[in-house]
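The form predicted alone is given below as one chain in structure tokens.
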Amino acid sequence: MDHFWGVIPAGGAGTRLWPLSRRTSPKFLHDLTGSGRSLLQDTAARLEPLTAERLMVVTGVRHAAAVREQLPHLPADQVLVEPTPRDSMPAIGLAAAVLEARDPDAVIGSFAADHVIGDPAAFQECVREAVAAAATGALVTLGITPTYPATGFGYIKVGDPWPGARLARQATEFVEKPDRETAQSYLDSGAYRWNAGMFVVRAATLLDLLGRWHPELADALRQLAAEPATLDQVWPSLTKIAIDHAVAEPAASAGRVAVVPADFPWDDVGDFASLMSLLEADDGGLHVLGPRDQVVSVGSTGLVAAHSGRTVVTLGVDDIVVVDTPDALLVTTRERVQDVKGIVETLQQSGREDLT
């Protein structure tokens, strides 16, 4: 593991968790589980036994100061700042190019800053297996064992054992978010895993694979690693594309992707229903995020996030979601939490970007 680097892409706005998560203060900067640490800090702590000080965060201009404040031990050159969002491939690719220049044998593991993992030791063992498989030249992903027919996640179809690896198997196909009937068939077959967007690969291998399908992007990223002063000039011209579409899907079709089956509890905290499942309910069935002495509940179930300093009272309502912040109050139901993203879009269209 001496050449292994943890890479944390820390971007996105988490709009389905508005008004807690916003463009200026996205979900990875918040403690959403009551652990006392932000999701970003939890991610870094999970990687520390594997990487020691070999950790790199890629984040945006808006969040760079907060990232440095939350991870003060990181040297300045281990926080890469992208001028504008260009999706995951340029972000992860930039880290890969910088690390390849420093160490031609570097292996990177890319893990999002806003995921919750319930068994860090099991996660770390899977990463070790992935690093071993990456040594064979594979692009390796961690495939989460599905526990229900999720329609909000992508899936990976798992094939034969990967040559030269203990647990890794061939990833034969990446599948977009399915409808419920298809998701149930995936679950029943036992041949599919959730795609959590976790990738382990030699930095040089990732850039070489990218060069097969997007040569201009691969060349530009290596150029940026060699001439970082040109970042502001070159970055806006880079193709905006996710790593799944840019590399993982075509590489799987070419037989270059391995998947390590992962059985640890995992959640991407995609909406308030997901957040609710991570918090312990009180005796009445209400989940509380924030100071419990600011929430009074009588005969109510659901979620209350109290972040305004005011007391929130719920009386006789089921499956309610209340998120109270100093400048915005959200009241909805568990059934409608997926629609919160649309509310953010409405606010932007009406000129209230100060709230988003």
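Heads up: residue numbers just count along the shown sequence, starting at 1. Everything quoted here is computed from the prediction, not taken from an experiment.
The same protein has a further form, the form predicted in complex with a further copy of the same chain, not shown here; the description that follows concerns it.
Please determine, with the chain shown alone, which of 56-64, 38-46, 25-33, 306-314 has non-hydrogen atoms within 4.5 Å of a further copy of the same chain in the model of the complex. Within 4.5 Å of the partner lies stretch 306-314.
Can you confirm whether Val298, Val322 and Arg336, the three residues that make up this candidate site, all sit within 4.5 Å of a further copy of the same chain in the model of the complex, judged by heavy atoms? Verified in the model of the complex; spot residues all in contact, yes.
Do Asp293 and a further copy of the same chain come within 4.5 Å of each other in the model of the complex, heavy atoms counted? So Asp293 counts as contacting a further copy of the same chain.
So in the model of the complex, does Ala52 come within 4.5 Å of a further copy of the same chain, heavy atom to heavy atom? Ala52 lies outside the contact set for a further copy of the same chain.
So, Asp327 and a further copy of the same chain: in the model of the complex, are they within 4.5 Å at any heavy atom pair? Close contact exists here: in the model of the complex, Asp327 approaches a further copy of the same chain to within 4.5 Å, heavy atoms only.
Contact of Leu20 with a further copy of the same chain in the model of the complex (heavy atom, 4.5 Å): Outside the cut-off, so no.
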